[in-house]
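In structure tokens, one chain follows: the form predicted alone.
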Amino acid sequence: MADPRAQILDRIRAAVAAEPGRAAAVRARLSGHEPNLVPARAQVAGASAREAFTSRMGANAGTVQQLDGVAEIFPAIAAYLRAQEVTGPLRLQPDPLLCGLERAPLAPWEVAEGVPEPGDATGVSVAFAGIAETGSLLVHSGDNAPTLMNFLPETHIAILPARRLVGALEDGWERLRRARNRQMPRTVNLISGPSRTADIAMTMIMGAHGPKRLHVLLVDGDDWPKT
């Protein structure tokens, strides 16, 4: 008996071979990266983009705090963790600029860099972009960006340089293509708030499949590399 999967693929190959122009059209469409229709709510910039991002992230139970520069990052993290009564180890994404900051404000916590471990209470990462259209963070994997940082610690603090805030999701994808010479990373995630589910008895549970808290620090200033 023939494998059903093989039969399906054979029919697809036969259909494509019968229409050579169709395959060329698909290749052109994939390589062109033409944007989809961008809604009016995504056509924002500056203060309007900040307001939209903050409002939509908040609607999904995330919080956003605006900072004037990178020197305020660790003091802001310490204040947030105290307010939330979060103790336990803190893991920093090994971003060169982030790990080069003065760590004195984080003295009450055990601080380490690299890939998160199950015992880490807090993970601090740097987002590649913020999407005002949906109030989402666009993050990707890489040598200095472990994907586990976005999912393992119960408290996730994401650093978003203000200049990386864009209006539409399509703008975020194009920004990523330019930064990586059109080569996509292994993993890209869109994060629009802490993990939650109401699958069980229609009761909202925070942190079911990832962090139960998401706090975004929207940082102004020109200290971050231009990516």
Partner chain sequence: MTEPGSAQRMQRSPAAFHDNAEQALNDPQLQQALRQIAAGFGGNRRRAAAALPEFDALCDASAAIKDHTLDHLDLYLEEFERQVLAAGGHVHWCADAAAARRAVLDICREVNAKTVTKGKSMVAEEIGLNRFLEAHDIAPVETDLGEYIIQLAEEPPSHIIGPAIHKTKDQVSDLFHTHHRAYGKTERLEDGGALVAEARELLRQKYIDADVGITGANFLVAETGSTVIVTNEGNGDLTQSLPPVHIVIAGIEKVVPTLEDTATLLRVLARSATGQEMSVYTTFSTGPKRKSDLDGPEAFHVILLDNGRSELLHSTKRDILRCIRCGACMNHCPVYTAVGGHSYGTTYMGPMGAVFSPQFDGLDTAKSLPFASSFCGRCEAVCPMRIPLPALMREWREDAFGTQKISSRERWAMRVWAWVARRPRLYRMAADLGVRILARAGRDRGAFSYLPLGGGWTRARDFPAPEATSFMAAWRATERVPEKEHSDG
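Owing to the predicted nature of the structure, the values given are computational and were not obtained by experimental measurement. Positions refer to the first chain, counted from 1.
The form predicted together with its partner chain is left out here; the points below concern that form.
- Its partner chain in the predicted complex is not approached by P75, whose heavy atoms all lie more than 4.5 angstroms from it.
- Although the partner is absent here, T54 sits far enough away that none of its heavy atoms falls within 4.5 Å of its partner chain in the predicted complex.
- In the predicted complex, A179 stays away from its partner chain, with no heavy atom inside 4.5 Å.
- Although the partner is absent here, V166 lies well away from its partner chain in the predicted complex, with no heavy atom inside 4.5 Å.
- V115 is the sole member of L101, V111, A79, V115 with a non-hydrogen atom within 4.5 Å of its partner chain in the predicted complex.
- The three residues D143, P146 and S192 all sit with a heavy atom within 4.5 Å of its partner chain in the predicted complex.
- From the list 82 to 90, 135 to 143, 101 to 109, 122 to 130, the contact stretch for its partner chain in the predicted complex under a 4.5 Å heavy atom rule is 135 to 143.
- Using a 4.5 Å cut-off on any heavy atom, the residues of 168 to 184 that reach its partner chain in the predicted complex are, in sequence order, A168, L169, E170, W173, E174, R177, M184.
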